[in-house]
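Just one chain follows, in the form predicted on its own, and it is written as structure tokens.
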């Protein structure tokens, strides 16, 4: 096999788009754990549910094949709104009871959500894979044929990165969220309702997962069980990048996405093993991740 530019560049673009998908999902996972100290095993299942809701909205606006690509925007907006409302409700009813509990208890509750949501998807959408085909022609970039939708996913990922950075660095609420990452007790001592912060952060994190589900719908078919494979990679991303670090999550997602893209092509059976060897190597050098902080109070 020749590893010329015609092979490397398309795989690189596929890896970057995969990395953007991982970033969109893992950013919410990292934010929820960094602020709330909740390890949400069901986070990728929210991504899958968001994708199915976006699929239903898309097919309500037009046919699932050859439809107007702009229909992805309202379909994704419906999914994000629905999942954010679901996130607000789940935080108040279930997640709030997990604060201060041990990690095994958190994993048990959130794994139960995986099973419940999975059965809900089966009841509503059945067990068949769902996909949307836009019929977009490939783009020729530097002489190589590239799926043009890769560019859409990359643009969305960069926009979300810029939006999260602005939100966390430039807004009052964002600064409160960053303060809660380092010291929840100090935030409460200032008279700020930490319960409201937690509810908004959980809803935002779930909304980001739904955004990923809607955006990636024309590229990746929705299938039951896909969330389990994705959550494993998302945990790898947040561990490498550092819990609570948006920039770290972005860098780690790109590194793991590109690594996975080449590994799955060259050694399909060992792709995940290569990713976790990379995770182990990072943890040996920096146990708190590339951009994480060594100590949290």
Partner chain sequence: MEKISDRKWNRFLQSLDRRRFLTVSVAAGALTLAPRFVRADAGEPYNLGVLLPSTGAGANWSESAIKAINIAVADINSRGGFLGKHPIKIHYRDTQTKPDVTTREGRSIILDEKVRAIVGTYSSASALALQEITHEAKVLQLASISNSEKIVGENFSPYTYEFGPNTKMMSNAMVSAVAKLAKTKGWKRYMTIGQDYEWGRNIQNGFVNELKTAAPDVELLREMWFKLGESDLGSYISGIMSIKPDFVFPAIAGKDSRTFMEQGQAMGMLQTTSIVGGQITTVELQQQKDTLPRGLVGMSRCAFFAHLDEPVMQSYIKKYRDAEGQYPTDMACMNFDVVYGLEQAINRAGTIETEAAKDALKGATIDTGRGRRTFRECDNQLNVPTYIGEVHDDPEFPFPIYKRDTMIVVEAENVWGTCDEATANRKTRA
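We call the rigid core whatever largest set of C-alpha positions still superposes within 1.5 Å between the two forms. Just so it is clear, the structure is predicted and the values come from calculations on it, not from any experiment. Positions refer to the first chain, counted from 1.
Form predicted in complex with its partner chain: not shown, discussed below.
For the candidate spot formed by 23, 204 and 248, no residue has a non-hydrogen atom within 4.5 angstroms of its partner chain in the predicted bound form. Contact annotation: of the candidates 200, 77, 146, 86, the single residue with a non-hydrogen atom within 4.5 angstroms of its partner chain in the predicted bound form is 146. A heavy atom within 4.5 Å of its partner chain in the predicted bound form is found for one listed residue only; from 124, 73, 81, 159, this is 124. The closest heavy atom approach of residue 211 to its partner chain in the predicted bound form falls outside 4.5 Å. Of the heavy atoms in residue 138, some are within 4.5 Å of its partner chain in the predicted bound form. A residue is said to contact a partner when one of its heavy atoms sits within 4.5 Å of a partner heavy atom; residue 224 meets this definition for its partner chain in the predicted bound form. Using a 4.5 Å cutoff between non-hydrogen atoms, residue 58 does not count as a contact of its partner chain in the predicted bound form. For the partner-free chain shown, 260, 261, 264 of 244-264 come within 4.5 angstroms of its partner chain in the predicted bound form, judged by any non-hydrogen atom. Taking 2 Å as the criterion, residue 262 counts as shifted between the shown form and the other one: its C-alpha moves by at least this amount when the rigid core is aligned. Comparing the forms between the shown form and the other one, the C-alpha position of residue 247 differs by less than 2 angstroms, with the core used for superposition.
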